[in-house]
Each structure stands twice: as structure tokens, then as C-alpha cells.
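A lone chain, given as C-alpha cells: the form predicted alone.
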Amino acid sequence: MKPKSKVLIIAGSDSSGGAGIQADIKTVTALGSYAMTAITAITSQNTTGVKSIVSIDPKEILNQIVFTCKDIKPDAIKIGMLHSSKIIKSVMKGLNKVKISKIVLDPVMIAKGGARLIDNKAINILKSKLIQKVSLITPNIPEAEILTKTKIKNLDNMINAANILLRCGAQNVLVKGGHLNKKNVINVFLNRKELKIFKNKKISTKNTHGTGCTLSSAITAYFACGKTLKKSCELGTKYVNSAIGSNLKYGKGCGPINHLNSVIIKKKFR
């Protein structure tokens, strides 16, 4: 099978492989696209938490973005962890140079174990400038609360937060509702023309490390292949739910999901 599209991933590294750029590469590859990367930070972490974070020099992040795209032009870009304001400015400079129209931003702020992955100055720049440059922003509930300075307890609160982000300049918003204590997981897709609610039964498992990274990368892969954003969100959600349902049970804490759930291995490679 030849790749159906090319995706550049701008994100941080997760040494445990469940989230971050490792999850992004696995997802994009499993869904039939070609993955390229610009690494923004290196984390030492496992399923029990984050031990340390080291940022990559912003100039090198810019070099990764521009030099990679100069040779192999991506059909879409996925942006994940941006650890500081200097890194965000460097990424925006790179986006201006490469001029790719399809961009998905996952505003990674807090790790599953609770570690803060971005500072307040960076959050302000992300909210005031970066979201205006992307096609879609995909915050989970804690991230949406930080970005909108609201409390989210139900569906109406999610829709309200999405509307606030639209007023901040976002073109499309997907607020992910997995953190609500409900039997179903509700995701809200909103732009200025339409509202779509994605509802799926919540799977009972602690092994959900990297679901946000995986979903945004899956959406980007589908978007890069020519599907609409709404359809990409729908298909990306199905992929993630299937990956969670595998329930790998790796590690002692919040384990990873199964990125290979969409792959059928030919007999000669088994």
C-alpha cells in the first residue's frame, strides 16, 4: 500500500511511546499516510507520569519545519505540544514560510498524570495568535476551561466554550468530552455554520494514555486525504474508540491505546 497523503507533525516526544510524536507517527502510519516530524520537546515519562521535560531550541524547530517541507511538502500539519512562547513564535514563523492550509492544533497543556506541559505566557499567545492560523483546534475539557476561563460540566457548557473559541478566531472547534463523568463520551464539533455532536459509549478502562494526540493525528490524516473536517472528526473518533477498546494493559499506570487496531498484517510478514 502506498501512502495516501503526507502529514507533518509538530509535537513533543513521549519516551513511553503512548502519546506525543510517537503516538502521532503510529496513528498517521496506521491510517495510510506518510509521517514527517518537527520535535518541539523531549520528555522522560512512562505510564505513571512525567519525570522531566527538555525543550528543543526554537531555531532548530523552525529548521525542522522549513527544511522538511522544502523537500517533501505535506498535505496537512498536526501541531501538538508547544512548551513555551518562544516555541510557539518559532512554529508560527515556520507556518508562514511553508504556507500549508490544512492545520490541526491539539492544545496540549496537561499530561494524563497531571503534569503541566505549557506555561501561561505560551497559553496566551496560543489563544490570541496561533488558533487564528489553524483549520481546527481540539481541546479536551481541562484545556477548553483554561482557554475560555469557564467551567465545563455539561453539553451546553461545551458548546459555550466552543463558541468562545470561535470568537477568539478559531475556524473550527472540536471540544472533547471524555473528562465528563458520563456514560457516553460526547465531542462537540462547531464552526460558524454548523454544530455536530458525536456521541459514543464510554469504554471502562484506565488505559487511555495518548488519546488526545491520537485523535488529532487521526483527524489530520483523514483531512490530508481530502475528507471534510466534520467527516475527519467522525472517522478519527471511531479509530480512537477502537484503539481504546483493545485495552492493551501495558505499564503500571495509565497505559497506552492500540494504534495498530486498524492494521491487518499480511501473512508473509507474520
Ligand code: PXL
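A quick note: this is a predicted structure, and the numbers were derived from the prediction, not measured. Note that residue numbering begins at 1 and tracks the sequence as displayed.
Another form exists, predicted in complex with this ligand; not displayed. Remarks below refer to it.
- When this ligand is considered in the model of the complex, only one residue from 45, 64, 237, 207 comes within 4.5 Å through any heavy atom, namely 45.
- Note on the partner interface in the model of the complex: the residue among 117, 123, 180, 155 having a heavy atom within 4.5 angstroms of this ligand is 117.
- Here the chain stands alone, but in the model of the complex its contact with this ligand, taken as any heavy atom within 4.5 Å, falls in 37 to 45 among 66 to 74, 37 to 45, 198 to 206, 218 to 226.
- This ligand in the model of the complex is not approached by residue 137, whose heavy atoms all lie more than 4.5 angstroms from it.
- Residue 79 falls outside the set of residues with a heavy atom inside 4.5 Å of this ligand in the model of the complex.
- This ligand is not drawn, but in the model of the complex it has no heavy atom within 4.5 Å of residue 9.
- Looking at residue 108, you'd find a heavy atom of it within 4.5 angstroms of this ligand in the model of the complex.
- Contacts of stretch 12 to 40 with this ligand in the model of the complex, defined by any heavy atom lying within 4.5 Å, are made by 12, 13, 14, 19, 20, listed in sequence order.
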